[in-house]
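Form predicted alone, single chain, as structure tokens, below.
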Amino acid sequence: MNVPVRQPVAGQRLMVVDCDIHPAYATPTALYEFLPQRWRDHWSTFGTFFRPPLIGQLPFPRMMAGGMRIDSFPDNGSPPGADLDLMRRQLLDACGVEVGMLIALSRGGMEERNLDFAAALSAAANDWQLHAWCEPEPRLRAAIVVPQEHTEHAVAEIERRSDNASFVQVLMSPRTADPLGNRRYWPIYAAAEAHNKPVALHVAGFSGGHSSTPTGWPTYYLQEHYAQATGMQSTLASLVFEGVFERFPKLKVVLIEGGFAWAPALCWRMDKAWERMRAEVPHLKRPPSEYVREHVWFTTQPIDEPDQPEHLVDIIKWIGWDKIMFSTDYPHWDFDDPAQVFAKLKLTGKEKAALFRENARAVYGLP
């Protein structure tokens, strides 16, 4: 049963930057007003043709309340995350969110097989973010949603949107046709770097058409939820070893909702392998861990909570106090309240400010 297990904390709230908020469409046809008539007709006649076979059904594996907070369903019958006033009350006002980053995952063309339709969906999703969210609520910022398999349009969309201050990063799916380090995606990184936009990679579940484990689809949601972190590790290793960070020295990558406690161990393994087999990747001039420390940021949700809280402090120290950014994952069931996150840790005021606010302000160039 989906029930709150912690009560809201009364008193003064932290002022935070929330790096993972999921907006939803109020109706199935919410994008129609932003699509040319040609693509409205296509959608109504032929529908979408996503790479994953299960998108459009209930989440796989099936979850209670569709994976959402049970109190996040608006009274007007729209889906969780679709009602701006409710988002204001439950999240922006209640949690002291100064700036919230929208991560629009659905129908943005990232999973569409028809690449021309994917381009139209991407442009429509970005127009929708401005019209429905950023313009009526100045605390919200958007990510430029791009269909990574249509590189030409992705670059053009970055060029078209980057001058708009509401767009602060580029959103790609990490569940791609090829590993994200592949050179077919490099023009997207070049455009993001040129416009000083971080590339955001949000765990994608099954959204790339590939199963979340190397041996096939899992049986339980618990397995799917866990496997998302290992998928992020593979994505990061691809970016490092294929030389993305060496080729784009100013590129910033934000890994969203994939955890971060695994990062030190992954870097140790990559460094050890690189020491023995660096001749295979002569384009890497430094140990892999140095590229990760320089180019990669992590969001907090889902927060890793070891039995000994000080172990989490050790992990953060290794990654860097400037590399972790707070996120709630609203309106999902495992939402993190800023008053509860890191509650067991003895953090200094400077450390709290970095985690909840200052790191994100620096990465995204917020005023």
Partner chain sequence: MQASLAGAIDCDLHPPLPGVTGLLPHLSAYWRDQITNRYIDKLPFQLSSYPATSPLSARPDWRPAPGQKAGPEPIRTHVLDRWGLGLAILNPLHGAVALFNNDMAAALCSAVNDWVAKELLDAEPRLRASILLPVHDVELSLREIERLAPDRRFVQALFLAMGEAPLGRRVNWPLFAACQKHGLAVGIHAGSTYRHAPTYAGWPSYRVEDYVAQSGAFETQLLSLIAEGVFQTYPKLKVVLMESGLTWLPHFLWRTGKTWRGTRPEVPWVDRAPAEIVRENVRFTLQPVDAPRGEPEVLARVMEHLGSDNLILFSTDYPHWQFDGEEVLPAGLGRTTIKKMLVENALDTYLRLREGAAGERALSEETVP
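Residue numbers count along the first chain shown, from 1. Everything quoted here is computed from the prediction, not taken from an experiment.
Just so you know, the form predicted in complex with its partner chain exists too; it's not on screen, but the next bit is about it.
*Asks:* In the model of the complex, does His311 have a heavy atom within 4.5 Å of its partner chain?
*Replies:* Yes, contact at 4.5 Å.
*Asks:* Please run the contact check for Ser212 against its partner chain in the model of the complex: heavy atoms, 4.5 angstroms, yes or no?
*Replies:* Taking the distances in the model of the complex, the answer for Ser212 is yes, it comes within 4.5 Å of its partner chain.
*Asks:* Does any part of Pro218 reach within 4.5 Å of its partner chain in the model of the complex? Heavy atoms only, please.
*Replies:* It does: once its partner chain is placed as it appears in the model of the complex, Pro218 has a heavy atom within 4.5 Å of it.
*Asks:* Flag Gly109 as yes or no: does it have a non-hydrogen atom within 4.5 angstroms of any non-hydrogen atom of its partner chain in the model of the complex?
*Replies:* Contact check for Gly109: no, nothing within 4.5 Å of its partner chain in the model of the complex.
*Asks:* Name the stretch, out of 101-109, 81-89, 152-160, 255-263, where some heavy atom lies within 4.5 Å of its partner chain in the model of the complex.
*Replies:* Heavy atoms within 4.5 Å of its partner chain in the model of the complex occur in 255-263.
*Asks:* Quick one: in the model of the complex, does every one of Leu35, Gln169 and Ala191 get a heavy atom within 4.5 Å of its partner chain?
*Replies:* Answer is no for this spot.
*Asks:* Using heavy atoms only and a 4.5 Å cut-off, determine which of Ala124, Val296, Met232, Ala118 is in contact with its partner chain in the model of the complex.
*Replies:* Answer to the contact question: Met232.
*Asks:* Counting only non-hydrogen atoms and a 4.5 Å cut-off, give the residues of 83-106 close to its partner chain in the model of the complex.
*Replies:* Not one residue comes within 4.5 Å of the partner.
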